[in-house]
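Taking the form predicted on its own, here's one chain by itself in structure tokens.
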Amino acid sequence: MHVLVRGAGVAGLAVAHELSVRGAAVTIADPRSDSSRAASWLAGGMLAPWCERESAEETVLLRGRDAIDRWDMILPGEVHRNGTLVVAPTRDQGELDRFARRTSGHEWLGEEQIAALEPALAGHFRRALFFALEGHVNPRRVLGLLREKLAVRHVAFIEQVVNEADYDDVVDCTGAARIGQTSGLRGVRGEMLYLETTEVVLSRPVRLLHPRFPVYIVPRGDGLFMVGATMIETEHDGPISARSMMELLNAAYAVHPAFADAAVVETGVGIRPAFADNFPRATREHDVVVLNGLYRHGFLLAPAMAQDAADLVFSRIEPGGNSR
């Protein structure tokens, strides 16, 4: 069976890997030569289903809690299993209590425990929540390594398709490009930035509770930190707004004042495709399997949703081996 996968973001690559493991020949079509224009290029890469349960349905926790193990099987050694630290300014301690009530899988830490876990934060926060079972990956590194692994598995990468009828099935993972084609799919704008400083060292994602949206700081190594991300109900993909830039920088400063002197080395804006329930779907639309709606859960849910998409592809195979 030869399957065409449209899109080389995290969803497309995860689907291609799952199909390849199951024995299909796979071709990935994307007009760009790498994944740098995919929304997943701007992702935080947090594998944090217990934290996400604060604002997401339980399905996100149930489908995402084995994401660390799934990614570790796909790319051994690329998952950082250091947990997630959730903090709040003194004035927002009530928000920390509310976050604790809406989630599970955490423990309360006091000042000394916070300092032992993250020495750079010593004396900055009185209390914190620690989600020890969570982890994170570096999205850009993972996307590159997964492309390399797929190439070794003889997955072909092409920029355009001459005739889709040459393939036994098609899986569309083009994300926001399907807005207006797939019913109920909308775009949610996410803005982020990268800061560089040698004055702060963190070992794990730190979430600062924010009155409008969750702000997180994810260490990338070598003094680089990803700060994100806004969630704005619009499909406008223009440059980052001054307001969002100030809010993200203020959040970073609230985590550690040394971020005030950090260099802003990159800003980014991506449109996250989402359905009304903010949970992804793998469905068959006419003759194409469509995997979309990953919203802010791309790396968390991509492995599980890739399995669903592959199930739909292989459900077309008759016992004799012919496509239905």
Ligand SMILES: Cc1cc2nc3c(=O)[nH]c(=O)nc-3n(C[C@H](O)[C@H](O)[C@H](O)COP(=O)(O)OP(=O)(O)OC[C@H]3O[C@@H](n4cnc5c(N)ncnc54)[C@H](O)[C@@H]3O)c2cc1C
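In case it trips you up, residue 1 is the first one in the sequence shown, and so on. This one's a predicted model, so the numbers in the text were calculated from it and none came from an experiment.
Here the subject shifts to the form predicted together with the named molecule, a form of this protein not shown in this document.
Contact annotation: of the candidates 252, 229, 86, 146, the single residue with a non-hydrogen atom within 4.5 angstroms of the named molecule in the model of the complex is 229. Exactly one listed residue, out of 262, 294, 289, 51, brings a non-hydrogen atom to within 4.5 Å of the named molecule in the model of the complex: 294. Contact with the named molecule, judged by heavy atoms within 4.5 Å in the model of the complex, is confined among 53-61, 281-289, 36-44, 252-260 to 36-44. Although the partner is absent here, residue 192 lies within 4.5 Å of the named molecule in the model of the complex, judged by heavy atoms.
Looking at residue 10, you'd find a heavy atom of it within 4.5 angstroms of the named molecule in the model of the complex. Contact annotation for residue 68: none of its heavy atoms lies within 4.5 Å of the named molecule in the model of the complex. The named molecule is not shown here, and in the model of the complex it never comes within 4.5 Å of any heavy atom of residue 100. The partner is not shown here, but in the model of the complex the stretch 266-304 reaches within 4.5 angstroms of the named molecule through a heavy atom at 270, 272, 273, 294, 295, 296, 297, 298, 299, 300.
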